[in-house]
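Same chain, two forms, each on its own as structure tokens: structure 1, then structure 2.
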Structure 1
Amino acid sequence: MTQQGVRWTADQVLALAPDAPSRKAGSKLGVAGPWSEAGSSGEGTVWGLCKGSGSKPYQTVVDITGAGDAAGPAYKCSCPSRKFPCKHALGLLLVWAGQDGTVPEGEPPAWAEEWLAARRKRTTEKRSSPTPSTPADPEAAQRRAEKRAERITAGVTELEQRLSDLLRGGTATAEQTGYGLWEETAARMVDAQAPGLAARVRELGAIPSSGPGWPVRLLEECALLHLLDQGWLHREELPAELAATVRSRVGLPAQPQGPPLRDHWLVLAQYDTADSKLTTRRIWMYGTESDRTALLLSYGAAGRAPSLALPVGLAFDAELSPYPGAVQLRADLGEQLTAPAPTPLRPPGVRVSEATARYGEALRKDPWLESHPVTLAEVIPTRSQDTWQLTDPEENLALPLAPSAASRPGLWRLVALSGGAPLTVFGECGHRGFTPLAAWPKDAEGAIPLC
């Protein structure tokens, strides 16, 4: 039985939206008017019929427990939208969250029960036929892995030569040769089956003429690339965790290792980044019993939202399987045992000095780390000349916000939540500054998303 006595807030529902247009469209449907025959069950199902432009209403059903063939809440709607959740699912959840009697308790109709039964069947089949942990032909898999390693080594050797040529000719030559040379080098890394190296090469190629101080940034990136190249070439001599980090940074796929960790996981934050080929969703989780932070990743094709979406600020009982690595926080979401529900628990906050120390320790173990998750305690967003920072009045220290964070709407929400008073803030601490992702004002019951 799931915890259905406490329903979600509107913010928690809208945090599931795949994009801003869906959030806006779903909000318009979050009223009783378009809905009929709506209901919910104690097993974590919400359903309803939404009037559309056609003669037939759209049949919409949501399994908020996530128990089934996919992790996280699952959605089904008869509309033609390819977004998950669609605006009808968002609108239905908003009406359900409103608790105005529009979505009473009841038994699901036949069309909703049919979908639920199919999900239960797939779950049963997956549990009875688990995915094998070893390949069907281990020897063939080993030969493929060795062949790929040889290609990567050849690519790394070529990249080292390109870096040597750049430094021998001077950084000024990078401005003259332009981006084409580095795009060609990145393509060579793709051919070498090292997508991680290809991504870093493209970033390096974009640095020349990118603004004041670009030669310094170029040298820094060259040094990190050289370090990664040398790490790959000497991976057999590295400690196991650091070797796993090098393989991951180069772009080799990894699988979760070790037993799943069961905990009561709080969804701290969720946000998307996109390039021309892929949309990546990052979901930060906090284990309230293990005191561990974990990162879930979900991917979608360009222009498509990833399938996994979890309500920020809610917690649920689930199993997470961690990946190997020196400071690897990534995990896979396994079986979800309860429905997401509000919780007063939150990560214990630390002072600014401790936050920077933790980032420094993580960077020592993984030199290519962009940022590290941390929760700051009792900080106040303050203005400093033309930038913003999070000030710790007790230590008289402050963390500057990352440039990207200072330009987001979430900054003004953070300032409004604070009102000049201290609050708890979760985010990512990196060399560019701090990026706030969620906040807890004093006496607040749940996290407020900032992204």
Structure 2
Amino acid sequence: MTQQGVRWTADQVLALAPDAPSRKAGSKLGVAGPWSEAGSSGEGTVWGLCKGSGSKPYQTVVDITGAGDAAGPAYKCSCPSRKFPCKHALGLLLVWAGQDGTVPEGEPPAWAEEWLAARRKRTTEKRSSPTPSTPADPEAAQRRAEKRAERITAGVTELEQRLSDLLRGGTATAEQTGYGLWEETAARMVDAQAPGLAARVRELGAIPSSGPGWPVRLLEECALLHLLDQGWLHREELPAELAATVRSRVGLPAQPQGPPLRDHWLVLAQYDTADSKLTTRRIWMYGTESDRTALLLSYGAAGRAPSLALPVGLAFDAELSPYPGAVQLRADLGEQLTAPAPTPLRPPGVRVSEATARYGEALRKDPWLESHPVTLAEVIPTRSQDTWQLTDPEENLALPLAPSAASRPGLWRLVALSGGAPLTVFGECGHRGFTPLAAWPKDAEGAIPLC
């Protein structure tokens, strides 16, 4: 076997691609032909020369260890592409993942070593002299924070007024007024520096055209928005954890707090959601010793993949720094102490009744929570009329799949994996239904991603 006994799978490599064209272009370069002088080191770096259309081949280096700086893989390529990672980096990783002997272990050539050394130096410096998180001028920072809180309060007050006006006149009119009203209100919330509120307001605008049952959904979301407004206005009276949740839901940036959690973390799932400006990547991790589930978030500006990428199904020792908040799922990846390696471990599953109970519990701490991560033991994907559910044969109960999940290709991968037999499924359980994200068939060695 090779370095740390592990190579990524093609799926894992392709998950790094910033968009579909890059994925395709990368796959085509993922073969021995165009590559020369390719190699990899025991420390998890891969390099190679890729023949392009020009006379000089491109020099491509990838550092997959993340070198402990929590940024995930790093790439360097002499090609002019603005995509990140570029198709050459993807192709090189695919060749490396393909294990056909094109990428032997060895010493990096000078051009690769130069970059790697500089990178190692930066990381060491960063680690030995951690930048102090306290700002230079605490008083000025305090003043800025107060100023921002005032602006948010003004925005919240205005939003409350708008909600009251809406309900006084009736939501029936919302069907006609359409997006305009909400877009304008959302813009006001952006001005008030409350991006969390702005996003919720924008979603309100889409509900009246979302099909049957919209009046119920609109009232629910208006009510929860109102609850958040009131939470902000009364944040001084709330328990500290709930207040922290309200702050982050409104959109105030938070910093990880508390001691880092060191554990053997299993990567359960990784998926992206994107709007026109931002790609958000969610990575679910399971601490095999602490039995905790954590969520890592990473962002990429339009056209760029979020920098953090972790191979689903593998596990590694690492420190995670949790964020404040009542449910405490979000965390930042700290130092990685080992490289990701396959593991026979899988998260212990619960029955479906326990899954809904856990979501209920979590709502008590964070009423705005859409869903909660949970692993189901022994469920069978089952067609129920025109939708799908996960049936627990032991309890004779089932969780319906969320509408968005039932239309994704991952559904069929799940059904195929099951073949009508029970299997373990990790996913998000919420009021819209269950969204499966990874599955472990009975005799499989590792997790199989569904997203």
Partner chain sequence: MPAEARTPALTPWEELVTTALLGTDRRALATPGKEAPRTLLDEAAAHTVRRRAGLRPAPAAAPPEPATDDPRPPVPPAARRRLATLLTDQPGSGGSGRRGAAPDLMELLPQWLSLANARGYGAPPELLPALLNAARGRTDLRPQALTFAGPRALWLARLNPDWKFALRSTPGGGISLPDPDDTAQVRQLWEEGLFAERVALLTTLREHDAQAARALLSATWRTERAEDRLMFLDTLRTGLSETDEPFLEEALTDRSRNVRATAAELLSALPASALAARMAARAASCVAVDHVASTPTLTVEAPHECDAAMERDGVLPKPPAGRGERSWWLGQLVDSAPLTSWQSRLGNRTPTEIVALPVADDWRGELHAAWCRAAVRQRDAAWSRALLGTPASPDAAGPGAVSLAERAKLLASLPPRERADWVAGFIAAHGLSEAFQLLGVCATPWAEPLGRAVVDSLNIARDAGSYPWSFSGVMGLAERCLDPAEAVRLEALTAIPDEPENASPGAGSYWSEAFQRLVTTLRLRAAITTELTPDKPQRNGS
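Whichever C-alpha set is largest while still superposing within 1.5 Å between the two forms counts as the rigid core. Residue numbering: structure 1 sequence, from 1. The structure presented is a predicted model; accordingly, all values stated were derived computationally and were not measured.
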Chain form predicted together with its partner chain: structure number out of two: 2
Between structure 1 and structure 2, C-alpha offset at P34 (rigid core aligned, Å): 4.0
Per-residue Cα shift, A17, between structure 1 and structure 2 [Å; core superposed]: 4.2
